[in-house]
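Take a look at this single chain, the form predicted on its own, given in structure tokens.
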Amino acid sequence: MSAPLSAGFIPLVDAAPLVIAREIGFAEEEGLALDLRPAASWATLRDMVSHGQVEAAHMLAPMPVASALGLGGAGVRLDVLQVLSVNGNAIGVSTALAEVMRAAGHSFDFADAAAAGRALLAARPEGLRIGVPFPFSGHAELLYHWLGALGFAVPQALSVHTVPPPLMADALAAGEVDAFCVGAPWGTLAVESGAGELLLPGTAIRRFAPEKVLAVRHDWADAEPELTGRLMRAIWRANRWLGQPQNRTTASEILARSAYLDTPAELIERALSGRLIVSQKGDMRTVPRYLEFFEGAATFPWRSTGALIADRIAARTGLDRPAAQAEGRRVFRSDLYRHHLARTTADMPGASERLEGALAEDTPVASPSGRLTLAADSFFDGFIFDPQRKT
């Protein structure tokens, strides 16, 4: 008899590893009866796992780190067991703002982050109102890094509005925000509805940015090591399945069901394939690794990723940066990943920390199989985070 285990999710394409683990049968193969429960907002989802209403959750990578730093949440320690997805965000602007930017000469090439940022700031000199799904999110981190690198005072000079992903297009259409950063398929929906245009993929700011993670309560992972291992192996196999291009159509059709995204499969397939329609004119852009589930060691929870997220949050909020980095490292459980996935064919990097943003090209690294290649993860401005450097 399968063991019951519940997990919460937000209706986004990058919830796919949980959905596929249930629907294709990877959870059942591990003896789990996986019950998936949608949440209306990220704060609700965080509270669901913190208060024990679900055992696991699809979660923004910075959320468990912020909780560990005492910023939001119920003070419950959350662990990141593995990364569910890398990249997948898009920055969009309202149709009116796009017209202003185009009239000023911006080409909307969907690639040049520096040019797009300067054009955006010049088009709204009185102040930019921008929507993100949650204050502590990969979306906010991308925006702050992008505009900060261009000399903009972030977050002080930016009006940031929290908008649940499915409502982002409505907020843009209602004039509540001028721009947004959101995960798939909700940026595409803003284009389809005529509310806006896409300006940049998140990959133009950082080429390989960990986005969503599998999070559980720390005490639950300690008390239930057997269930933790079964869940991690089921999700890892779902990630591997999603990484195979021939499975995209099936994945799109499953995710489109009313229980999950309740959205046309065509819009979901665009995100999975990285072929995005960026304007009402039907302009298409192809974005390599727009949303990655497996290649490039995508699922590995680098402790240096937790340290980087914590360092950036601490720098903005005035917390002690070395202490925050230590908390961030503690949240990302590369030790559990190595232990519980040892019974699979998962290949592991030799180290659990790295220079974040240092790889300008895909790079082979030492591993048990000798075949592991890390994906290029550079920032558009050449920023590199050294987790061992004293701040």
Partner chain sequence: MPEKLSIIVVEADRERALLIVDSLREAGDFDVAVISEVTGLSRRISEMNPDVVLIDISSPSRDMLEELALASGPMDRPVALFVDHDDAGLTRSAIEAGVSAYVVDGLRPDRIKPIMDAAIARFHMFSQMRAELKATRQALEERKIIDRAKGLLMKAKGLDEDEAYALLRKAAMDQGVKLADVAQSLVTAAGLLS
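Numbering follows the first chain given and starts at 1. The model shown is predicted, which means the values in this text are computed figures rather than measured ones.
What comes next is about the form predicted in complex with its partner chain, which does not appear here.
- Residue-level contacts in the model of the complex: of L121, L167, A256, L158, one residue has a heavy atom within 4.5 Å of its partner chain, and it is L167.
- This chain appears without its partner; in the model of the complex, the one residue of T162, Q280, T250, T95 with a heavy atom within 4.5 Å of its partner chain is T162.
- In the model of the complex, its partner chain lies farther than 4.5 Å from every heavy atom of G306.
- Put simply, P133 is close to its partner chain in the model of the complex: some heavy atom of it is within 4.5 Å.
- Within this chain, H58 is remote from the site of its partner chain in the model of the complex, having no heavy atom within 4.5 Å.
- Contact annotation for S352: none of its heavy atoms lies within 4.5 Å of its partner chain in the model of the complex.
- Although its partner chain is omitted here, in the model of the complex none of S273, L276 and G296 has a heavy atom within 4.5 Å of it.
- Partner contact region in the model of the complex: 64-72, out of 326-334, 64-72, 25-33, 353-361, criterion any non-hydrogen atom within 4.5 Å of its partner chain.
- Counting a residue when any of its non-hydrogen atoms is within 4.5 Å of its partner chain in the model of the complex, there are no hits in 338-375.
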